[in-house]
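This text opens with one protein chain seen in two forms, each one given by itself as structure tokens under the names structure 1 and structure 2.
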Structure 1
């Protein structure tokens, strides 16, 4: 614990030998493809598949009529058709499936399916969608959730008032491994699905409903996952591949290309926000009022929970006695939006952090001091009235990043690569100005508002070849974050054995919950710890019987049983013999609770994590080009079980937040996606990332296993607003929309 052992999958991944889902292969398999709607909104009058079936090599063609169970799925609400039957509600919605002996054959056949569409008007403006007379995307209307937060005096006034509007664009998770899976029909009439996903058991539940099968006949196995970031929480190839496999009685592989991937998963919700802060003349916050509208797109996915975060965490880590917040999620005919790293807090942070800068200017404080003056401390209540009952080092994190060494000033001899425009040779420094920006955030860890959040772990301890071996089996998805290594570290710590095998992830063990919400080290880590403790207790009971001493007088130390004074009494091998010890534990963190529907008050969250960023940027104000010179950060992680992995999460999260501030946006016009490729959807590369100074605090959470806090999401939340603030500081322009484009800076 606290070391950084090499990841078992690390070398394979960097040498290109790791098998991702797109590498899946089975003898005698056929390929499945999906026919998708070209329209954001249309009625389906008729589907004719006869011509597609005549293509040589085609095995089958399926439509909604071929779905044997419920033709509906959804992460939280089953409102999305497996295959559209009467209406399509967004561009790219699946309409039909084809299986053939080659993927190109399947695609040619899909192009010959005739779908008679009656194109309908599309609702694409989320603000317009909220109008009572707006056409409903679903019955009875377009409102997914309205969250109200009312705290303190609703009529509070203040001598200093700042108010601004903000917009955040639609960001994509941009994982590099496209959606892929292999479905294999089984002799019992069921199916085995090997798939890249974030939550095997919630996928299984939805697949079973669509197939009309019991869980025993639908077995899921995690394949190699090439990134997730929330985009794999919703189903993609899952049901489709299983349907084709069961119909053809052949293994069926489905793998999206990059363009289809943009249509095949949910995205980050675009947001429109109006925020107002009122403060005393010394900058102390008196009240906050906020209105946030999130565009959920055509189906619900996790919009309701995202609204929950955008509301309950929407004013940042600040003490505010009087609060009025309204957060909305709405249906439109735009692409469906759902989970993405930061989950509702990312959008809100751009608003509350920009407004803190405005307030600082209004009262004459610097950007760090205004945040420190209002920053939460342990024992404070947040805007839902929940007591922050563990460390809340807002002021300390800000001071750390403020005190870090600044990057050197730009000189006339600056390397061209360090300037905005870089080797494009657009400037040698003329017209380039520098700016510094700060941001701080807090984020809930795990699922909230009363969700039954748990994980299951099975740990087996046995002797193999004269060596003690621990095997840990969970269904918690490793999506690149390093959970496998953490599971091994916990087993080694708790059982003292060096050799730990991580069982392949599948549904043969109970649910591990989702790999999201920064929760797996906390929740599945807690389950593994508890299962190890149960195994250890059995081992010590056995040893007690063998030695004739009370189990309470014994300890497991390495592969030896020792007494209270540390004397070696016997070896683990003598205790285990040929009889393995295996224990399965379902572990829950302390409960959360639903918030009051009228006031939004309640203990909604289980834990909070805090981070702060300082960004330094150079801006070419003539061309609107930006170079991030430094992106320094400090974060409280509770306990760093694997310090290298923690820093890796902070680097990656910071890059993703910076990407949203500067370049990442799915451009949607009248419901049509205009840039579904990595040519036109830009993400930061290694050349865009600046040097980062990372400082990690370890204030253990007394309520969490080992004191851990989730790590993955906070850096995504505070990095983007810091970059945006730095650009505003450099240019003096308001810049209320992200991504900040060159034309926003130049005004052209």
Structure 2
């Protein structure tokens, strides 16, 4: 614990042996493909599959009529058809499925399905969608959630007032491993699904409803996952592959290509925000007013929870006595939006951090000092009235990044290729100016607002070939972040045995909850710890019986049972014999609570995590090109169980935030996605990423196992606003929309 053992899957991944979902293969398998709607909104009059069925090699074609159970799924509300029957509500909505012996055969057959659409007008402007007379995407209206938050004096005034409008475009998770799965029909009439996902049990629940089958017959197994970032919380191939497998009685593999992947998962909500801060002349915040509209697209997914975050955490880690916040999530005929790393806090941070800079300028403070003056501290209440009851090192994190060494100034000798755009030899540095920006954030860890957020762990301890072996079985998804290593580390620490086997992840054990909200080390880590403690208690009980001493006088130390003064009494092998000890524990963190619907007040969150970034950019103001020179960060992780993995998460998370500030956007016009490819949807390359200095604080959270604090999301939240601030500092332009494009920089 606290060191960084190598990840057990590392060798498999560098030799090419690790089986990702798209690598799965079965004798006799066929390929499934999805036919998707070309229209953002249409009525389906008729579907004719007869032509597709005549294509040689085609095994079956399915439409909505073939869904045996409920033709509806969804994380929070089951509002999304497995296959569209009457209406399609977004471009790319699944309409029919084909299975064939070759993926190309299946695609060609799908192209021969004739769907008679009556094209309907699409609601694509989220602000317009909120009008009472706007056509409803679903009945009875377009509001998914309105979060209303009122705290303190609603009529408060202040001598210094700053306000701005801000917009954030639609970002994509862009995990590299495509959505894939293999469904294998089973002899009991059920199905085994091997799939890349973030939460096996929530998938299982939805699949069972759609198939009309009980959970015993729908078994899920986690395959190798090539990144997730929220994009695998909702179903993709899951039900479709199962339907095809059950119908054809053959194993069915489905794997999206990159274009389909852009249609096959939910994205980060685009946001329009109007923010106002009032402050004393010394910069102390008096009040904040904010209105945020998140475009949820055609189906609810996790929009309601994203609105919860954008509202309750939407003003950043600051002490603000008087608050009025309205956050809305709305339906449109745009692509559905849901979970992505940072979950509602990413959008809000661009607005509150830009406004803090405005406030700094208005009162004549520097940008670090204004944040330190208002930064929350342990014991403060946040805007929902919740007491921050563990470390809140806002001022300290900012000081750390401010004090880190700056990158060297550019000089005549600097390599030309390090200039913005200059790998293309576009400049010799004439129009290049440098800017520095800061941002700070806090993020809730785990699921909030009263959600029953638990994880299950089964731990087994036995002697195998004269050696003690512990096996950990959880259903918690490893998506690349390193959870398997952490499970091993915790088990080694608690039981003192060297050999820890992590059982393959599947639904044969209770739910591990979602690999999201930065919660797995906390919650599944907590479950593994608790299960180990339960195993240890049983072992000591048994030893007590053997030795005729009270269990309270015994300890497990390595593979020995020792007494109070450390004297070795017997070996673990003697106590266990051939009889394994196995315990299964469901573990919950402290409860959270729903917020008051009128005031938005309540203890909504279980834990908060804090991070700060400083960005340094060079901007070619003539060409509008940006090069990030440095992106430095400090984060409080509570306790770094695996320091290397923690830093790795901070690097990767920071890159995603930077990507949103500079280049990442799904461009949607009139409901149509214009850039569903890695040619046109740009993610940062190794040339775009600057070197990063990372400082990690470890202020243990007394309420969390080992004091851990979630790690994965904060870096994605504070890095983008820091980059945007640095570009504003370099150019002097307000730049109230991200991603910041060259024309925003060069335009007037």
Partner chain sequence: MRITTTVNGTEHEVDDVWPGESLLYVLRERMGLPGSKNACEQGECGSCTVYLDGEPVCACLVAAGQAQGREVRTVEGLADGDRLHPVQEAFVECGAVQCGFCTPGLLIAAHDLLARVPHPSDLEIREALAGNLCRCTGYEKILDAVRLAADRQARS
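The shown structure was predicted, so the numbers you read here are calculated from the model rather than taken from an experiment. Positions refer to the first chain, counted from 1. Between two forms, the rigid core is the largest collection of C-alphas that superpose within 1.5 Å.
### Either 1 or 2, the form predicted on its own
It is structure 1; that copy is the form predicted on its own.
### Query
Cα of residue 732 displaced 2 Å or more between structure 1 and structure 2, core superposed?
Residue 732 C-alpha, core-superposed: shift of less than 2 Å.
### Message
So with the rigid core superposed, the C-alpha of residue 17 shifts by how many Å between structure 1 and structure 2?
### Response
Comparing between structure 1 and structure 2 after core fitting, residue 17 shifts 2.8 Å at its C-alpha.
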